[in-house]
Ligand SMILES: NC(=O)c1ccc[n+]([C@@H]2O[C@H](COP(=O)([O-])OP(=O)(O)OC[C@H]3O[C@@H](n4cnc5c(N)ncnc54)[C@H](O)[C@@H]3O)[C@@H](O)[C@H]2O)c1
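This document starts with one chain, in the form predicted alone, laid out as structure tokens.
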């Protein structure tokens, strides 16, 4: 059967639920918004009026359009008012017991043809559906905050979902002006499964002392072009929310990369939840601003490795003398990998600093166990003089950017290979849901499959983390000489 979704119910009118109600009303559908009590209902009405009021002030709505949107929404505290809804979507707190109880009530109240949807970001849609007598008519419809602005909707189907229903819900999402991606019922779906694993990995690297918070943030923002660094994003999402999603991921996968980093648990326990509490990984009272750019006092510099001539020329133009490794005050080794082995051949190994140029804006400054703090500071100054932002880190496999980026790309390959979601859907999800400049498979093609495969091998050899081992599909594609994962038949 082909359903006609004209009457929609939204249960839970917090910021997210009110935003979802607005999205449906903007598309011309009648909406019944339900809250637990009159006070919560008035807050929900306030969310909707405030959001449309801001759109009016910015010229994105006229007075008449705003009045039409608000006029399409009916507010109530009774679930019984959803009896004739074609679709009901819940946006209540992420507590499984609450959702299961609600769906039991909705199953009793709603007409037999009604579709029941959950906006859960990580909980099992299958488990929620099992509380009803209509599991085939239960789907996930995961919007992103703020719902009126964000274009992505993840449509989640279960093993019991009726054939064709996910496609009908996806068509409804397109009617709302959204871009749907269809995924199976796995914890975290696409966006949170990939994003939170990456953010947690950043927290682990911070805790292990690979690099400082601001250096990691700068590396991923300036080096990869992400909208913000991982710790800025964690504070924005909320450390408690991130912790809860990771717990759900770990409960399903038992993969230790999903186990929340101890520092994340510690901050949550301390009540430091991010922006909403005024402190998380970043604190409001911390001073900001870039470091000074004084010219380092370096007599001569030796530059080794691929690209050495170009960097040496830039340094010479800036007034620095270049010399051999034996005679130089500082030795810079351009490399993607640890440089400690080079130190053994130097008369003064404390002068050696690894340098990895990433993109056009940053340079990873890697200190070995022997590097002196003076040499490291000198190279940081040299990096700034040639127009790049230094990212200080330890001399470890793949340094910072690639150590975070490659496992994320590997996770995306595993996700696709499992049949969980299509390449185009995964790419769209990360671009629309996270604001990434490219999807993971677009990044893979740009970097090169072999480069990423080899980088993962280096990470696995360094950290012995099983999930860093290249996905079998990635290994097979490189072995077969395939240049793009999109070339698969």
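Remember, predicted model here, so these are calculated numbers, not experimental data. Residue numbers count along the first chain shown, from 1.
Below: the form predicted together with the ligand, not depicted.
Trainee: Only one of 407 to 415, 313 to 321, 118 to 126, 167 to 175 gets a heavy atom within 4.5 Å of the ligand in the predicted bound form; which is it?
Mentor: Of the options given, it is 118 to 126.
Trainee: Does the ligand come within 4.5 Å of a heavy atom in each of 88, 131 and 134 in the predicted bound form?
Mentor: No: no residue has a heavy atom within 4.5 Å of the partner.
Trainee: Considering 179, 253, 160, 145, which brings a non-hydrogen atom within 4.5 Å of the ligand in the predicted bound form?
Mentor: Here the answer is residue option 145.
Trainee: Quick one: of 444, 34, 69, 430, which gets a non-hydrogen atom within 4.5 angstroms of the ligand in the predicted bound form?
Mentor: The residue from 444, 34, 69, 430 that makes the contact is 34.
Trainee: Examine residue 394 and determine whether its closest non-hydrogen atom to the ligand in the predicted bound form is within 4.5 angstroms.
Mentor: Heavy-atom contact with the ligand at 4.5 Å: absent for residue 394.
Trainee: Although the ligand is absent from this view, report whether residue 40 comes within 4.5 Å of it in the predicted bound form, heavy atoms only.
Mentor: Yes, residue 40 is a contact residue.
Trainee: For residue 11, is any heavy atom within 4.5 Å of the ligand in the predicted bound form, or not?
Mentor: Close contact exists here: in the predicted bound form, residue 11 approaches the ligand to within 4.5 Å, heavy atoms only.
Trainee: So, residue 92 and the ligand: in the predicted bound form, are they within 4.5 Å at any heavy atom pair?
Mentor: Heavy-atom contact with the ligand at 4.5 Å: present for residue 92.
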